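This document starts with two versions of one protein chain, written out as structure tokens and named structure 1 and structure 2.
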Structure 1
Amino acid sequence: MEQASNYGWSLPVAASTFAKDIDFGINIIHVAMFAIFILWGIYFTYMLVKYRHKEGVPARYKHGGVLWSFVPDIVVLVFELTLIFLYAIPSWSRIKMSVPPAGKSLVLEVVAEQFAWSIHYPGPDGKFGRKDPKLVNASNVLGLDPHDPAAKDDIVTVNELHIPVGKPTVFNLTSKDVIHSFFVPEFRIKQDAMPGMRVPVWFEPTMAGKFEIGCAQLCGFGHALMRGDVFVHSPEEFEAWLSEQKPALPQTS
């Protein structure tokens, strides 16, 4: 699929399992908002026309129907409580509070910096190597420790996230410098990358293709240019891609 056709004048294509959860909420609230606004607007216009100043017609001193004024409050309260307990809390719990177990998911680390996304794959041994900020340099962007055996086969990509379709991707998100925010519109995923913290994030892509990673938190003069791509492959393609990758650290015998 051509990537540009993912986007338009409304919600982009939904390409993750929880995108439909979020879209459902956005759609239902907008339909309700629109209905409330139209009904309210009709009543408002009617009031303005009916009770416009006319010579010889005085205003009424007494207000009728005080109890009626609580009807909109109650309607809104019931609508909101329904949204909270039947939609928001359950969907929040699915999206943010139940991270899929390691065995069933692809586990990564994502590190943000001004103005790039580094993706850290554990390599064939499945273990993430130790990272030390003191070791960060142009050829070792994450500061992988060459003395840690687990680090030797680790793979690092910059601004390219490769993942398989149909399998949850779980990653710890952090930042080297300032706050960034990992945002892929098609996946409806957004999470701040907070320096000093590792925030667990997950999503499951449902569609193969190329998608865009943007930064949603002001991170400095290059904020607009901070972007990357997500390549969602079929499982076989993903394995092939992974096997072609060279370890990030120079190999010493």
Structure 2
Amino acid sequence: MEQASNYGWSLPVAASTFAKDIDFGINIIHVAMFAIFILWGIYFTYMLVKYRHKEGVPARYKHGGVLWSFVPDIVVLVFELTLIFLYAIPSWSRIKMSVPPAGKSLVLEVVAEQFAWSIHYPGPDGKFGRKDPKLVNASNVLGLDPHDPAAKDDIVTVNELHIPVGKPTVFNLTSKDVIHSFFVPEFRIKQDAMPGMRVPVWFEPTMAGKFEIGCAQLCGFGHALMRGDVFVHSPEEFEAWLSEQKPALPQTS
């Protein structure tokens, strides 16, 4: 059965815990801009009618005072400051600064490169193995060190992020080459991935299903091909999927 589209005439479906907070900000800005557009339209129409050309009436410059010129600017400034201090800063702090603790979340690593997303799971031991750029090749895309015991059970997927619904997912985002941008519209996540930096990102999915990962940064000739999928499973389905995965490194005795 084909999955229904996550997109319609408005914003995509809200599939994370903080998506509705971001939607509130987007909606209130659109309503405010529409209200300003209507008010300015009424004002300009009134002025065009009131001061239209009339025979025998000379044009004269008339000004109501400097203060009246600043009234619209002051009203807009007060609105924007109110929006920043009562909505934007608290929401930014809650979404970007309050990362859930590792014990209550699924912890991953996401590595971007031209033109793919590699997802690194720590494996049954819960420890991420050591990586070495010198070991990167076609069969070891993250350069996992086979001599590190913690790396032997690590799982790596390419362009597939599997997570459970209802549990926070925390990952460090980085890039091998150029600047990319991890973008999942349904989760309201867009975060740049930069070489040499590990940027923490988190979200909690509220809806099972399949969602597309896009790159929101023009990253090269094959930018349009750089896409992946997020599969949000029930907790039982996720555990079953995880148990079926084989370690990324060849197993030796």
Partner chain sequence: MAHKKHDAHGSQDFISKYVFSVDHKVIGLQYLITSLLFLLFGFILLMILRWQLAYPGQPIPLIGRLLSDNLAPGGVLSPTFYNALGAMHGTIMIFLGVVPLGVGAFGNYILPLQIGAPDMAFPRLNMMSYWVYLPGGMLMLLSFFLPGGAAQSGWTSYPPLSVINPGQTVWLLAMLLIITSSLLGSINFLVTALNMRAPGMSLWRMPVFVWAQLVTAVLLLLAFPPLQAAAILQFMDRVAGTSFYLPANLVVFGETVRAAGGGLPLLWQHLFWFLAHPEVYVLILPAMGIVAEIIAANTRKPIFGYKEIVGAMIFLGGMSFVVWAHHMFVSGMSPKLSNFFLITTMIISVPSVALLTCLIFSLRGGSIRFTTPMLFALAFLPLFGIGGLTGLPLGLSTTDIYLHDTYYVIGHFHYVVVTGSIIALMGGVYHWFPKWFGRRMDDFWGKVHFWGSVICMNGVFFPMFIQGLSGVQRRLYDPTAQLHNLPTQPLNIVSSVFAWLLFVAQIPFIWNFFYSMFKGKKTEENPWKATTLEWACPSPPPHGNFEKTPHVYRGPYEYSVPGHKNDWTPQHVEA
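Sequence positions of structure 1, starting at 1, serve as the residue numbers. Definition used throughout: the rigid core is the maximal C-alpha set that superposes within 1.5 Å between two forms. Just so we're clear, the structure is a prediction, and the values are computed from it rather than from any experiment.
Only structure 2 of the pair represents the form predicted on its own. A movement of the C-alpha atom of Ser243 falling short of 2 angstroms is seen between structures 1 and 2 when the two forms are aligned on their rigid core. A displacement of 2 angstroms or greater separates the C-alpha positions of Ser69 between structures 1 and 2, with the rigid core held in common. Once the rigid core is overlaid between structures 1 and 2, Ser10 counts among the residues whose Cα shifts by 2 Å or more. In the rigid-core superposition between structures 1 and 2, residue position Arg52 carries a C-alpha shift of 2.8 Å.
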